[in-house]
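In structure tokens, one chain follows: the form predicted on its own.
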């Protein structure tokens, strides 16, 4: 008796499942996520349609879309889902895969913000708003956009000029180092 094992080439859907520990086939396109999304108006494609693109194998359309980059990660979609599909986690995975695969991101300023935010976390163990704003402004050259709001925020104590030092900052830094090493070994 001969045993046959079925294997298939790894797909983007498989990679997303590996990153998120959930199956994209759970989504049956009810649209509750898109109906409740507070930033849907700004997206080029509804959030549930990004899932549908992945389900149908239209990976390029999903990875090139602005939608994953505009996702605020607010969890509104995930809490509304009758299937308990974590769409916010899914969008994180789509962004990560787009970067890994060298897809040109339409939303360059959002990508620059994303990188500046992660850099602040890596260095300080948490968000340091003044550093984040400064780094983002330098990366985008939007130096004077909304600069008039800074003095009021500082006066009201909303922005601290110096970063808050957390315990375990080195442990957070080590996570970034291990992640970078893991990405190097994958290449």
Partner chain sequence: MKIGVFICHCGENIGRTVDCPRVSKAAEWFPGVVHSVDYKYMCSDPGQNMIKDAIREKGLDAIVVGSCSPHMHEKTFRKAALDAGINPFLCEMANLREHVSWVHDDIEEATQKAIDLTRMAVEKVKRNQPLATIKVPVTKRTLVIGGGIAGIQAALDVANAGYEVVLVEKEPSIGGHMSQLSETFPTLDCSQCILTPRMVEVYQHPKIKLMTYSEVEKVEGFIGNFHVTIRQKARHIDASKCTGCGLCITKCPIRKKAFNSFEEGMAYRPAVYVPFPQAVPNIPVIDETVCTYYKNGKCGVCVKVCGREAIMFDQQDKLVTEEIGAIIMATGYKLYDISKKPDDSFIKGYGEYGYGKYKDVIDGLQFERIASASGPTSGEFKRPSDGKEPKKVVFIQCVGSRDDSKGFSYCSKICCMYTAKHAMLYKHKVHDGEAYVFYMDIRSGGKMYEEFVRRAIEEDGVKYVRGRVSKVYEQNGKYIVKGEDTIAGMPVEIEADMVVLATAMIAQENASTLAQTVGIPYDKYGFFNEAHPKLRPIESTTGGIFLAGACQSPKDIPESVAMASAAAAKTMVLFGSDMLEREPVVARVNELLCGGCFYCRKVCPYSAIEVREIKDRNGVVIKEVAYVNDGLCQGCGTCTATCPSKSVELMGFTNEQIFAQIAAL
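Residue numbers count along the first chain shown, from 1. Because the structure is predicted, anything quoted here is derived from the model rather than measured.
There is another form of this protein, the form predicted in complex with its partner chain, and it is not shown here; the text below is about that form.
Novice: Does any part of residue 105 reach within 4.5 Å of its partner chain in the predicted complex? Heavy atoms only, please.
Specialist: No.
Novice: Examine residue 32 and determine whether its closest non-hydrogen atom to its partner chain in the predicted complex is within 4.5 angstroms.
Specialist: Flag for residue 32 set to yes.
Novice: Classify residue 64 as contacting or not contacting its partner chain in the predicted complex by the rule of any non-hydrogen atom within 4.5 angstroms, answering yes or no.
Specialist: Taking the distances in the predicted complex, the answer for residue 64 is no, it never comes within 4.5 Å of its partner chain.
Novice: Given a 4.5 Å distance limit between heavy atoms, list every residue of 54 to 84 close to its partner chain in the predicted complex, or none if there are none.
Specialist: Heavy-atom contacts to its partner chain in the predicted complex: 79, 80, 81, 82, 83, 84.
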